[in-house]
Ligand code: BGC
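In structure tokens, the next block holds one chain alone, the form predicted on its own.
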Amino acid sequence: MNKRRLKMAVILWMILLCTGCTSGNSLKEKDSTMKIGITIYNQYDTFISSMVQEIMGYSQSMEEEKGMKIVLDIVSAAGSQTEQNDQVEKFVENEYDIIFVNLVDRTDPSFIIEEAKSAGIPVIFFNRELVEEDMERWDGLYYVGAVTVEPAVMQGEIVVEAYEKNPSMDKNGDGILQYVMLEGEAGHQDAIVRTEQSVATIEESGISLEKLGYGIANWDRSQAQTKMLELYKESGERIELVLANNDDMALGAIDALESLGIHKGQWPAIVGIDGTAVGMEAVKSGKMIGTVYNDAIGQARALMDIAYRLFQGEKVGEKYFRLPHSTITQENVMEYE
């Protein structure tokens, strides 16, 4: 089924500074009001911003469909777990009905869990999965995300398919793809899995790889540009492939190559993960050979649907809700608009 391209028409900082904003200000007051506190790890993450935008849009549709009012309080923790703890504490003090948490530190949810549990307020974690032992600490905890290993495998498959169609990716003709890796934050589960499994998938296909270097860029485009400049200074035209844990870092690699004035025909193959709007534009233009679609729309809607069920007093027995990925290349990118 075709998916529409994610729209980025709403300026992100305006969304995140809108504390206590409601979805649909022109709606008349309804008898039923669901208040949701939402804290995200970083306002500059393109994929998370697309989820926030979709949550806002879908909540407006739900208001009309369900005949209710939905209040969204959206804040950013700016990479600080302490700040995020304080934000959740305020949500609890203000007696919100549901709390959505995109964890800063997936290994440190204890304060949030205990605060919510003591107040009886359900928490739906999303995108950054906490460890299973923490999820089992209370029945009021849920997780919405994607299948963890799947995007890494698909990223590797994109490279394999591209290499089979175009063996000239091996620019020096030595039968080995020399690559660099742009990784998310150190110790993050997704970064570890995406780094290891993408490489394993390529090697299992029979393609030989040589790692020239890596850079930890914390999912960030500007940090990835800096890291790519460093990697190119070290290895230069020997780099034949750039594997990036997300689209923002893949785009940072592109920014670096463009800033060096290197002709696109001389670029290494670049592949990302997330299927963001800007990532798909890069695929369409041929600057990236592909990306893996992470369903921000589906995940945002799952968050709101679960929240509504909980608000209605329905028992939600399942704790984990995972949506599948799909690959995007130049051959099918138009289907995702």
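Note that this is a predicted model, so its numbers are computed, not measured. Note that residue numbering begins at 1 and tracks the sequence as displayed.
Below, we turn to the form predicted together with the named molecule, even though it does not appear here.
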item: Listed range touching the named molecule, judged in the predicted bound form by heavy atoms within 4.5 Å, from 255 to 263, 92 to 100, 161 to 169, 184 to 192; value: 184 to 192
item: Partner contact for Ile48 in the predicted bound form: the named molecule, 4.5 angstroms, heavy atom; value: yes
item: Partner contact for Phe125 in the predicted bound form: the named molecule, 4.5 angstroms, heavy atom; value: no
item: Tyr179, heavy atom within 4.5 angstroms of the named molecule in the predicted bound form; value: no
item: Heavy atom of Asn294 within 4.5 Å of the named molecule in the predicted bound form; value: yes
item: Whether Tyr41, Asn246 and Asp274 all lie within 4.5 angstroms of the named molecule in the predicted bound form by heavy atom; value: yes
item: Residues in 195 to 220 with any heavy atom within 4.5 Å of the named molecule in the predicted bound form; value: Trp219
